[in-house]
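Given as structure tokens, the chain that follows is alone and in the form predicted on its own.
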């Protein structure tokens, strides 16, 4: 019973950690501007992240080493350095965006400017990473993130035309905004679904939790249940924005605008649940991105690493973590709009996606590390097709951003 309970909590933690500031922004803007016409992007993204997270978890469980730990050894130091620089920069910018999301959630709760909350959020993230046990950290913020279910509840309280929502999900429609804008939003939403830090964190977290081949079933249950339900929560954000904003053509450009339909439908209690969800998912993502940046640098250079390892024994790992937090705070204290920062972060994430996912596919087919646990033909086919989509999104991201002026 204890093992079943632990596995259930693990799945729920994966669900709560799926949605972050990128999903809150991209999903809500997609629904407001194009209705349900981007639902297919979420479906494709969830299938892809499940395939690659399963590979990353299998690598960690069978080899006892994280994916990035093997990239330099398998692909060489130059390729791995390019991977490190690109992924580290994007992860730190993502960390800044997540800290901004935490600050915006606290602004919603208190009315105080989010700039006052930025350093508080960073200190809180550092304290949690320093003092809270890994398993407890995942479960507390993962489970709290499930408060996003309030958007599902709000759909039933709003004047929702369920048949029209269903028809809209089956249509690919530019809604008069132009196809270039439609595809820009699709790329941004896709990038939010398959953020690079997610697979790095999942793999490194498996090593932190000391997974072995005996834990493969548990790891797969986290992936195959957690991520799809997380995708369902993101889909509910699209649906609520479709009902509340799409008919008028308005766009939720602030976090309080994302929550406003819940306030309209369910009153103050609904708003409180939405604010809790925003805080939990962005704070949880800040924890994951902070760790992911430190994981990547430490694994490349061969340093001692791990949240479980004390700062005295893994000084460079914890220093990189602290530097990432300080850079995130400095970026936000320039008064950059966290929502705009998130939009730029999604474009950059799309550009570097191949550098994250190609090495996973390569290592997952290497018998030196996995023996007979390498990918089967079906997994390789799915992985290859998804990699082609990733490359297409990477190539299209910057031209679409320029042509559409960031989707404006």
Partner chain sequence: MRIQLAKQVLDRQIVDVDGRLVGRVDDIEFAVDEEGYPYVECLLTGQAALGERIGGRVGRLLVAVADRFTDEPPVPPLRVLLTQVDRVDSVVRLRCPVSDLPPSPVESWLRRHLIDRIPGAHRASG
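Everything numeric in this text was worked out from a predicted model, so none of it was measured. Numbering follows the first chain given and starts at 1.
Below, we refer to the form predicted in complex with its partner chain, which is not included among the displayed structures.
Asks: Tell me, yes or no, whether residue 312 is in contact with its partner chain in the predicted complex, where a contact means a heavy atom of each within 4.5 Å.
Replies: Contact with its partner chain, yes.
Asks: Given that the partner is absent here, does residue 114 sit within 4.5 Å of its partner chain in the predicted complex, heavy atoms only?
Replies: So residue 114 does not count as contacting its partner chain.
Asks: Quick one: does residue 218 come within 4.5 Å of its partner chain in the predicted complex, counting heavy atoms only?
Replies: Output for residue 218 is no: heavy atoms all beyond 4.5 Å of its partner chain.
Asks: Does the 4.5 Å heavy atom contact test between residue 86 and its partner chain in the predicted complex come out positive?
Replies: Output for residue 86 is no: heavy atoms all beyond 4.5 Å of its partner chain.
Asks: Find the only residue in 159, 76, 267, 166 having a heavy atom within 4.5 Å of its partner chain in the predicted complex.
Replies: That would be 76.
Asks: I need to confirm a contact call. Of 300, 245, 211, 182, which residue comes within 4.5 Å of its partner chain in the predicted complex, counting heavy atoms only?
Replies: Only one listed residue qualifies here, and that residue is 300.
Asks: Residues in which of 347-355, 365-373, 26-34, 378-386 have heavy atoms within 4.5 Å of its partner chain in the predicted complex?
Replies: Going through the listed ranges, the match is 365-373.
Asks: Within 4.5 Å of its partner chain in the predicted complex: all of 63, 69 and 319, by heavy atom?
Replies: Spot residues vs its partner chain: full contact, yes.
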